[in-house]
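Coming up is one lone chain in structure tokens, specifically the form predicted on its own.
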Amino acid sequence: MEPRERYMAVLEGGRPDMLPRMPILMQFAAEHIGSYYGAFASDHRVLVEANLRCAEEFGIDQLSAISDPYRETAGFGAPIEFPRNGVPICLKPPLEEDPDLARLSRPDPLKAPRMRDRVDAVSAYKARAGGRYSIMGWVEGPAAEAADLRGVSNFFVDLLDDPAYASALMARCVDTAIDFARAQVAAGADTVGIGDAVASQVSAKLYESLILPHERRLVAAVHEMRARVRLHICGNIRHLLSGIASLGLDIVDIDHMVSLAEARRVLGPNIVLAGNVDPVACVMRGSPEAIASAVRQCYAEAGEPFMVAAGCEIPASTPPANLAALCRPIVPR
């Protein structure tokens, strides 16, 4: 099977020739081709070349457009700095000092430079990889983008002190995420990843009452585009699983501190679980054989349907042999 066929077989309830390999690569991929993170995040040509070469070399089945959390934030007007070897920095959240939503104009993903750069990455994947690989676009989830616009501390206070405002802000974020997702699907993405990591820091009650409805609207909109949805909330999301189960997702990334068996029990038998090898203790620091064993154990705990991934991004200093071990072919039971 070609990588995309393998990926779609799992999503459609079929039997692939091997489990799809879905690790998230960013700084690792950039440095693997002799570049650096700042270029990877600011120039889609570097991102595309890095991921394509890693996919071919390590046997990865999906090409991802993820790079950093500030594509939409830049579209809303925030200045972004690109350290050579670190995560991009938002120098000034647009609503940090003045929460007035009227100050936010709705960015056009085909005109806002950083958003357009991600759309161009998807287009380049489509042109270079044709139908061989799954292509995953990426948008920020409602809580993550609201926190980027307000500042994390301010947003958490908003959730408690002014939930109506927090909800209105997240609604604005979802409007832009839908626009951004639509542009990436039109460019060739068959899947849209949603990153909402900050949601792991709130209570189940706050998540289900305030954040979940906005995630649900975003997921439904992407499905209306005939694309798949992969949710990524890294960290301990045990308390959020019952809410996540109601979203109608295709794939959920599970981080290493969450039991795959528990995730399967709560999320149900049909959703694809991806994970959850510890990216630092195991993938970066472990031996290739320990990593391969950990992947097999994850598969045993998760059951079907399952895709191979670490709990979060592959660290930059991971030995290439270790990533190769994570991606060793496993024939489904």
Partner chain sequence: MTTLEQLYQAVIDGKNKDARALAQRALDEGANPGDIVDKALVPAMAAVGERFKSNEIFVPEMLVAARAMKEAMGVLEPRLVAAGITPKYTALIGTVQGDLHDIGKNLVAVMWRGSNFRVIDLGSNVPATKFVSAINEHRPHLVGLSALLTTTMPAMVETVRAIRSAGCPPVKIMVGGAPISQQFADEVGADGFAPDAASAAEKARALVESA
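Residue numbers count along the first chain shown, from 1. None of these values were measured; they are calculated from a predicted model.
The same protein has a further form, the form predicted in complex with the partner chain, not shown here; the description that follows concerns it.
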{"property": "Interface stretch in the predicted bound form with the partner chain - options 218 to 226, 137 to 145, 169 to 177, 150 to 158, non-hydrogen atom within 4.5 Å", "result": "150 to 158"}
{"property": "Heavy atom of H239 within 4.5 Å of the partner chain in the predicted bound form", "result": "yes"}
{"property": "Contact flag, A164 vs the partner chain in the predicted bound form, heavy atom cut 4.5 Å", "result": "no"}
{"property": "4.5 Å heavy atom contact, S203 to the partner chain in the predicted bound form", "result": "yes"}
{"property": "I89, heavy atom within 4.5 angstroms of the partner chain in the predicted bound form", "result": "yes"}
{"property": "One residue of A290, I33, L52, V280 in contact with the partner chain, assessed in the predicted bound form (non-hydrogen atom, 4.5 angstroms)", "result": "V280"}
